[in-house]
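Next up: just one chain, as structure tokens, the form predicted on its own.
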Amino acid sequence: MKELILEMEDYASKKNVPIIEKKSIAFIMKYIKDNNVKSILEIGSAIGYSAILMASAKEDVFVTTIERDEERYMECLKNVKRCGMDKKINVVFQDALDVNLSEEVKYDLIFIDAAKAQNTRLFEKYKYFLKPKGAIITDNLKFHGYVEKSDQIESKNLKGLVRKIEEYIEYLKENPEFDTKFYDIGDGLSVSTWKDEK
């Protein structure tokens, strides 16, 4: 398992695939253990790195992960199989905004790590699948140090993306349904929980 994780880190580095920072995944794995998380929905599999580590946090954890890029989806499937996690991880090949989940399905943890410009839409869509005591964790809220410095960015596309992340942070802060804590860990994380138990 350790060897495969190192291989995945190497692959991600060479192929320029964004994977979660080590401090961030360590925080999430601890959260899974501390809060007895058993069911996880991950939005944005990439090559399966975070899904595999989350599934390995505890024996009774099951992860459903969604990926829209075919090459990354295939790589994710391969990695999940190689580490013997195919009974614990279900990989879905689809755009997360188009996925239709059964309304009966609820998760202890929803992890948003997909197209950053879609964070608010993803949060709005998937909050209905969160258990009463569950949490939604979002990664990359500092976005490599660009967040809160959008006025200094020259690239129009990058500036637009960073502004979307800044808007999402405001959306979380002002959300009437959720309490959100922000953590200066890795590339910036947030943990959102229901204000009133459903």
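Keep in mind it's a predicted model, so treat the numbers as computed, not measured. Residue positions are given as counts along the sequence shown, with the first one as 1.
Another form exists, predicted in complex with a small molecule; not displayed. Remarks below refer to it.
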The small molecule in the predicted bound form: contacting segment from 127 to 135, 42 to 50, 29 to 37, 159 to 167, heavy atom within 4.5 Å: 42 to 50
Q118 within 4.5 Å of the small molecule in the predicted bound form, heavy atoms: yes
Please tell me whether any heavy atom belonging to Y107 falls inside 4.5 Å of a heavy atom of the small molecule, as the geometry stands in the predicted bound form. no
In the predicted bound form, F123 touching the small molecule (heavy atom, 4.5 Å): no
Report whether the minimum heavy atom distance between D95 and the small molecule in the predicted bound form is within 4.5 Å. yes
